[in-house]
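One chain comes next, on its own, written out as structure tokens in the form predicted alone.
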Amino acid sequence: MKKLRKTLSKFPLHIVVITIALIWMTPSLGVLINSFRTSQAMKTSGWWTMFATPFNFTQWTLENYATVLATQDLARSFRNSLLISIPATILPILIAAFAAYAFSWMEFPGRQVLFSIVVGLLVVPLQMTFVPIYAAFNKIGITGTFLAIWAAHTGYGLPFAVYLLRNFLGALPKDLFESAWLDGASFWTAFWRLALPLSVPSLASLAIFQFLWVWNDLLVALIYLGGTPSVAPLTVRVANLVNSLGADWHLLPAAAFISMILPLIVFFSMQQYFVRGILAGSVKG
């Protein structure tokens, strides 16, 4: 009886959460349904009508996906997004792991001041950096290349990555590292054999955050890659399709869902790490 009363007391909260989730998912559901509908069906009825009428196979097609992948160059843009997102996720995490370990367990002059400066960079708007960084990239001749976007995303992602990993590593038991050092382990050995294996949950959550941010980025890609088709990611290509398709606007849902499919897979397959990442960032080091 007590268990039933406890369950019923949480029922209103469950209703609110489910309602918010349904409202949040409605646009994505509409994009998914329209991406498989024919142009005539989209022009004559809304996507929600599929729930009110019997299932009609004549209103469904895979032609939208075939067209955007073949004629709108989305296949190459999808590859470009992968070529951008994977290195731009690995590089800041790799650098931040070394920095976070140094800030947590190595003594050197100005450690706290330097860490405060790194954390302070979190509040610096990206827009303030575009002009000087673009000028620097242009001067060394890497504007419009993958190297430029990798360097930009690495720099923009490092402050949060260092902050998150430092708080996680700083919360690890001090006795664990002291025992390793007493046994003759170097800082590198302690980092490789102790710090990294223990921080896998934090590293995984950070990788998810960084990958999703880079994959969904449009502004940074537009600034440092411009309109170069050979290196344009999906976000840039889909944004250009909004203005270029005209009468073929029915292809937009398919193009949009292609850009959404990988982030959705990453989120639903690794969503448990999001909570761990948030908790890791809230622990006092």
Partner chain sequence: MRRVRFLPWLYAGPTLLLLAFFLVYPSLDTFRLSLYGPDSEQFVGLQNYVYAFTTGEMWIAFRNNAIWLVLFTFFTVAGGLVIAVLADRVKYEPAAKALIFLPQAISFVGAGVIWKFVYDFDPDIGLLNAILTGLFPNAEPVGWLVNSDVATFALVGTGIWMWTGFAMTILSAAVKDVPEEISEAARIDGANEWQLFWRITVPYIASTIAVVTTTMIINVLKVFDLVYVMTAGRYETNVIANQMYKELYINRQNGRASAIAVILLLAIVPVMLFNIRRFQEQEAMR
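Residue numbers count along the first chain shown, from 1. Only the largest set of C-alpha atoms that superpose within 1.5 Å between the two forms is called the rigid core. What you see is a predicted model, and the numbers here were worked out from it, not measured in a lab.
The form predicted in complex with its partner chain exists for this protein as well; it is not shown, and the discussion that follows is about that form.
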* To do: Considering only heavy atoms, tell me if residue 171 and its partner chain come within 4.5 Å of each other in the predicted complex.
  => yes
* Asked: Heavy atom to heavy atom, is residue 216 within 4.5 Å of its partner chain in the predicted complex?
  -> yes
* Examine residue 271 and determine whether its closest non-hydrogen atom to its partner chain in the predicted complex is within 4.5 angstroms. => yes
* Asked: Might residue 208 be said to contact its partner chain in the predicted complex, defining contact as any heavy atom within 4.5 Å?
  -> yes
* **in the predicted complex, residues of 103-125 near its partner chain [heavy atom within 4.5 Å]** => 103, 104, 105, 106, 107, 108, 109, 111, 112, 114, 115, 116, 117, 118, 119, 120, 121, 122, 123, 124, 125
* **Rigid-core frame, C-alpha of residue 32, shift of 2 angstroms or more between the shown form and the other one** => yes
* Taking the rigid core as the superposition reference, indicate whether the CA of residue 45 shifts 2 angstroms or more between the shown form and the other one. => yes
* Asked: Superposing on the rigid core, do we see a C-alpha displacement of 2 Å or more at residue 236 between the shown form and the other one?
  -> no
